[in-house]
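Take a look at this single chain, the form predicted alone, given in structure tokens.
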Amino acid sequence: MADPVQLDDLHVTRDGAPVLRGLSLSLGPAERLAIVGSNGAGKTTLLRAIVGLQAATGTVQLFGQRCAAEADFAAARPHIGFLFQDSDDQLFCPTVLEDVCFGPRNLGRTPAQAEAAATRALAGLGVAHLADRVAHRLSGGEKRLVCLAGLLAMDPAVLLLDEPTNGVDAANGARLHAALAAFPGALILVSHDAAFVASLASRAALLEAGRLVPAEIHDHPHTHAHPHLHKAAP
């Protein structure tokens, strides 16, 4: 089986300044990659480039197929769920159920099939009770879970998660963590919340100077132990 994501010599320039500089990345079918880095390092830019929302030079292969034009990316996007950094950029239907149904309906499912998929996704995240609520009146954590439900309802092979814990309280964070831990596909988790992503990741990398540098996941002894990410020794 081809790797879901393969990037080679990826370059992105914004306002005349380089953001990504010859970045390469391989993501296996069930691999979980945590990417950390400073503000402005290019983490969101990288995720957008993977799905063709950011112009880039270099090679992008998704599920073994080279993506050189919008039509190539469009064919791959139904299999990749992208959780935006700002939930309000992702929610646009009047009610939660309608929003979560949108993805399956866009894939050609019948209204009944889409509603069944949406209902399962919401129930799996413990937020089925929100189905009839107005999406933009939810709390930050509820919005995050609804956005994720919309992606899971499409049964993706890959999830790209941009700051998944933004605005999420402890209770909803636990639901989010459980859902991602149970997800059978590949993940790329971009976050400043190193403990959250490190607890889910099988591999880690630091984005610095426009390239990915291998990082290590390990526990530090404190009054309690929790995972951290560090740049790997050369």
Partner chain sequence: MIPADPRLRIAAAFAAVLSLSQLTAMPVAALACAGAVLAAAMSAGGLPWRRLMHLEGFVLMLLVTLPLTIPGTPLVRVGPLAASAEGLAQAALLGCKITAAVLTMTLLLAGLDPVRLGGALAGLRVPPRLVALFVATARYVETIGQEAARLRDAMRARGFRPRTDRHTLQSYGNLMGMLLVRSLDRAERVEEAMRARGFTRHLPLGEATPPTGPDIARATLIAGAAALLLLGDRAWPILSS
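Residue numbers count along the first chain shown, from 1. This structure is a prediction, so every number in the text was calculated from the model and none was measured.
What comes next is about the form predicted in complex with its partner chain, which does not appear here.
When its partner chain is considered in the model of the complex, L138 lies well away from it, no heavy atom lying within 4.5 Å. Although the partner is absent here, D132 is not a contact residue: none of its heavy atoms lies within 4.5 angstroms of its partner chain in the model of the complex. L145 falls outside the set of residues with a heavy atom inside 4.5 Å of its partner chain in the model of the complex. Contact annotation: D88 falls within 4.5 Å of its partner chain in the model of the complex, judged by heavy atom distances. Highlighted residues R48, L53 and M154: every one comes within 4.5 Å of its partner chain in the model of the complex, counting any heavy atom. For the stretch 158-193, the set of residues having any non-hydrogen atom within 4.5 angstroms of its partner chain in the model of the complex is empty.
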